[in-house]
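Encoded as structure tokens, the following chain is the form predicted alone, with no partner shown.
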């Protein structure tokens, strides 16, 4: 660590750092020298950074001190409060969070996902079939984005003819291009779910939107707006990070072909490979909480109202917890990463995401699909999620 004794310039809120720079150099220095670091306000509000695994894990567990209801992502103060605050699964604190989560928990339990697995396998096979027909594809848009989107659409009761429409809208909403285009696409998604929740409230079926549209919390029906916001939350949560993890994992395998060859030679390594992909990609770059009571961390006084940011890729490369953390090793055990959160807000779709990754990589391996670079990968310009925005590849099946 001696080479890190001189502090680098610390600016973790520069999107270009994640597309063209090396954030790990900054995180490494912070973990060693300033594990609780104050970032002064600029366009974004000031905040404390947590970069060590144990500190992030402890803060995740302490929902009484670190609130989610005031937003979980950094946003300019001029944008005001997050409209989902106190209303969606991601942006509520106990006890309401538990009551909202209880409405849909069973849908994401191991037994439910296991029952859904044959349909998920069919979806994955169809996506891979279409990609193979084209040969030259963007692995992000043509493969990694479609599997989780189609799966969550099926779970939510979105009619299959509408899947492609929502794919187009989410592609625009998640894109790194014009902010106005992203905003309009997101408004269209909300509009779609406004109509869908009204239909499901009148004609409930066996799907997630029907559950929310007919649910009661504390003796009261969820308002249509709350249903719409939670549908949006499920769609984003069920697609974005899995999409980027699947694509980021494939990019990593292309950079570490020995690991893909090892996986091809031993299918038993697939579960541990999925965990290492999740740790390595850590696609949610940051998660934010707001302190609601004073707390001291490593001698730093965090006051009520202070923003506290967890840098998950840093926590998942903490040398205090992971042996050789900067090595991608599909045999890594144990692998207690925090890529899917921890505590009250442990990712609702954690089982689903793991199965989707396993099915996708398993389909490629079972069919001996060769994946080769077909141009330069482009990384996302974002402080919210990190990974490939585009990953051009050639797909060829040996069988």
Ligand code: HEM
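Positions refer to the first chain, counted from 1. Since the structure is predicted, the reported quantities are computational estimates derived from the model, not experimental observations.
Absent from the display: the form predicted in complex with the ligand. The rest refers to it.
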- Query: Pick from 36-44, 365-373, 23-31, 343-351: which stretch has non-hydrogen atoms within 4.5 Å of the ligand in the predicted bound form?
  - Reply: 343-351
- Counting non-hydrogen atoms within 4.5 angstroms of the ligand in the predicted bound form, say which of 209, 147, 312, 263 makes the cut. 312
- As a check of understanding, the residue in 228, 245, 273, 140 with any heavy atom within 4.5 Å of the ligand in the predicted bound form should be identified as 245
- Task: Flag this candidate site as yes only if 61, 85 and 308 all have a heavy atom within 4.5 Å of the ligand in the predicted bound form; otherwise mark no.
- Result: no
- Item | 4.5 Å heavy atom contact, residue 97 to the ligand in the predicted bound form | yes
- Query: Counting only non-hydrogen atoms and a 4.5 angstroms cut-off, does residue 101 reach the ligand in the predicted bound form?
  - Reply: yes
- Item | Contact label in the predicted bound form: residue 108 to the ligand, heavy atom within 4.5 Å | yes
- Item | Close approach of residue 56 to the ligand in the predicted bound form, 4.5 Å, heavy atom | no
- Query: Does any residue in 263-291 get within 4.5 Å of the ligand in the predicted bound form, counting heavy atoms only, and if so which ones?
  - Reply: 278, 283, 284, 287, 289
